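Next up: the same protein chain in two forms, each one alone, written as structure tokens (structure 1, then structure 2).
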Structure 1
């Protein structure tokens, strides 16, 4: 079983497209693939695979918020002073009040309270869905609840969930969100290899540099996939690759049909022609 990630830093370069292309290629070879959509804020893999709506979650992801017992609380204010997120405030001399929006569920307050007045309330912050798309392709999607600020715990729990499934598959492909923040890093942790998808434009090159630096911190080796490879200046990407000790392993020229299939969300119907578009420089 091999676990890889498809990422990229810049939004809209084609991460989900490439993740699905990789999956299609492996299925053609008779392998079983688990595709994991860890772009929990804005998951799209299901749409590209023709699923209009995610229904019947197989699991919910949760976080904890502090709940203060009015009777036990001595109003000493220690929890308020100890909270580094300023999520607790104490109007006058009353029992402190929680602003959930600022709470990072760190647990400082319930650990410091000298009167044991603070307990933990488990709250749902996301859902996990499973769709068996084809014989040989299963999609697991994580989706955060809109308004939830800290979404990396949702990603963490998605990855925990798939731990139980991984051994039945030959390849696990983790599709990450755009960017390079903690939610993306949680999706990239401990994968064997990452594929950074970019485009041959100045912004593509700039953001590729960012994600390659993050991958270095995470100690995850990365190759580069060049999407829309014939529009722009490939040399920009080659330079970034050289600077970061990475290399472009495959490219996908711009294709009108692919753009249309992407837009409509019907990769599944056209999977044979889609996987032909991925031009590998060496066998992957």
Structure 2
């Protein structure tokens, strides 16, 4: 069993499209595929597969926030100084105050408090959905609650959930969020390989360079998928690939049919055509 990720620094390059195309191709080869949408702030794999609304979550995800006991707190400020997210601040000689929008729920504050004045409050921050799309393809979707700023705990619990499913599948395909932030890095942990989807534009090249640096730090081998390869300046991507020792393994030129399948949200209906397109573009 292998676990791969489809990622990409820049949004809008076709990351989810490539993840689904790749899953379809593996199904055609006789494999059972678990597709995992870890773009928890804006998951859309289900829409492309014809599911307009996610229903019946299989699990809630939660996070913890520190709660400070005013009576126990000695106002030493150790929790404030230890918080790398700057989520705790101490106005004057007062009890520290929490800014939940900055809190990553790392737990440092309640572990360093010398007076045991900090307890944990568990709060629901998202949901996990499972949909059996067709024979050989199951989709697991993580979705954070609107307004939640730190969504990496949602991704972490999605990863924990699929750990119990992996043995039933030949391949796990992780569709990450765009960017190079904590949520993306959590989704990339422990994958055997990543495919970085980009486009031949200056912004595409810049953000590709960023995600390739992240993958190098995480020690995840990666190849590049160049989408809309015939629109823009391919030399920009070739230069980034050379700089980072990566390889453009697949070029996907703009395709009217693929764009139509995307806009109509009917990838499932046209999965055989999509699978053949990926094979054709790889041969180019």
Partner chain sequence: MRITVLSGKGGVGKSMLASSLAILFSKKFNVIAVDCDVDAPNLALWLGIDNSKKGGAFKSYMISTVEKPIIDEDVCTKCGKCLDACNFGALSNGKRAVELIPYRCEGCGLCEIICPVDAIEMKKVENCTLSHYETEYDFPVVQGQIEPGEAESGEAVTEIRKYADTLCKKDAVIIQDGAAGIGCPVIASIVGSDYVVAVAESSMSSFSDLKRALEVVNQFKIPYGVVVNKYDLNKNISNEIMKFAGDRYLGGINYHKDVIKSIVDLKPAVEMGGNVRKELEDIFQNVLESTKGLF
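Under this definition, the rigid core comprises the largest set of C-alpha atoms superposing within 1.5 Å between the forms. Residue numbers count along the first chain shown, from 1. Predicted, not measured: the structure shown is a model, and the values here were computed from it.
request  = Have a look at both and say which one is the form predicted together with its partner chain.
outcome  = Answer to the question: structure 1 is the form predicted together with its partner chain, whereas structure 2 comes from elsewhere.
request  = Establish whether a shift of 2 Å or more occurs at the C-alpha of residue 136 between the two structures, with the two forms superposed on the rigid core.
outcome  = No: residue 136 shifts by under 2 Å between the two structures.
task = Examine residue 67 after superposing the rigid core and state whether its CA is displaced by 2 Å or more between the two structures.
result = Yes, its C-alpha moves 2 Å or more.
inquiry  = How many degrees of rotation separate the smaller rigid part's two orientations between the two structures when the larger part is superposed on C-alpha atoms?
reply    = Between the forms, the smaller part turns 19 degrees against the larger.
request  = Once both forms sit on the same core, give the Cα displacement of residue 108 between the two structures in angstrom.
outcome  = Displacement of the alpha carbon, after core fit: 4.9 Å.
task = Could you tell me how many Å the Cα atom of residue 94 shifts between the two structures when the rigid core is held superposed?
result = Its C-alpha moves by 9.3 Å once the cores are overlaid.
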